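Only one chain is shown below, in structure tokens, and it's the form predicted on its own.
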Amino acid sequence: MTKDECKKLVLDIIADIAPDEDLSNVKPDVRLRDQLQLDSMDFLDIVMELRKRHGIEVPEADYLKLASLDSSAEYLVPKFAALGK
């Protein structure tokens, strides 16, 4: 899976858990919580959806690696590669 595909995947999850958010102008290098009205429960929902939909486990120590779209892609590409995706 490419970095762009990972970014889209994260945006798709956010669209499902926060349908009122406008995701059209999300900057990839800025923390998601600084751009969107996401609270800690929304963030946990993102982590849970990654596990449920894609089998990606994100340990609590790695949560900060999902702060922005860019950092999420950096983190998720090798995870998907390990799963053969």
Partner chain sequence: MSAESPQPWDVVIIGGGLSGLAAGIRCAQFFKRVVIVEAHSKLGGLNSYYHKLDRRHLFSNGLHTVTNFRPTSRRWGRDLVMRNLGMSWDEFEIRPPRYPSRISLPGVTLAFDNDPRVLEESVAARFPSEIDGFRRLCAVVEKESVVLQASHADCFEFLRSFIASPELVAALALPILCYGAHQEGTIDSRLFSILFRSLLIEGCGSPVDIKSMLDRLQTRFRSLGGELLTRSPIASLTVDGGRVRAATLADGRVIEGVRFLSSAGLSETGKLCGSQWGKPGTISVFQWIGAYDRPLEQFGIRDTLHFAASRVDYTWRIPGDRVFSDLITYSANDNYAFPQPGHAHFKISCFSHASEWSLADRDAYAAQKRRYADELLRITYGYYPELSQARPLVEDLFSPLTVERYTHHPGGTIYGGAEKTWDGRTALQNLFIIGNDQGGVGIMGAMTSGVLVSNLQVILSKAG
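Just so it is clear, the structure is predicted and the values come from calculations on it, not from any experiment. Residue numbers count along the first chain shown, from 1.
Just so it is clear, the following notes concern the form predicted together with its partner chain, a form of the same protein that is not shown.
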As a check of understanding, the residue in Ala67, Ala18, Leu11, Val77 with any heavy atom within 4.5 Å of its partner chain in the predicted bound form should be identified as Ala18
**Asked** For Glu60, is any heavy atom within 4.5 Å of its partner chain in the predicted bound form, or not?
**Response** yes
Checklist line | Partner contact for Met48 in the predicted bound form: its partner chain, 4.5 angstroms, heavy atom | finding: yes
| task | Considering only heavy atoms, tell me if Asp39 and its partner chain come within 4.5 Å of each other in the predicted bound form. | result | yes
Please check if Val30 has a heavy atom lying within 4.5 Å of any heavy atom of its partner chain in the predicted bound form.
no
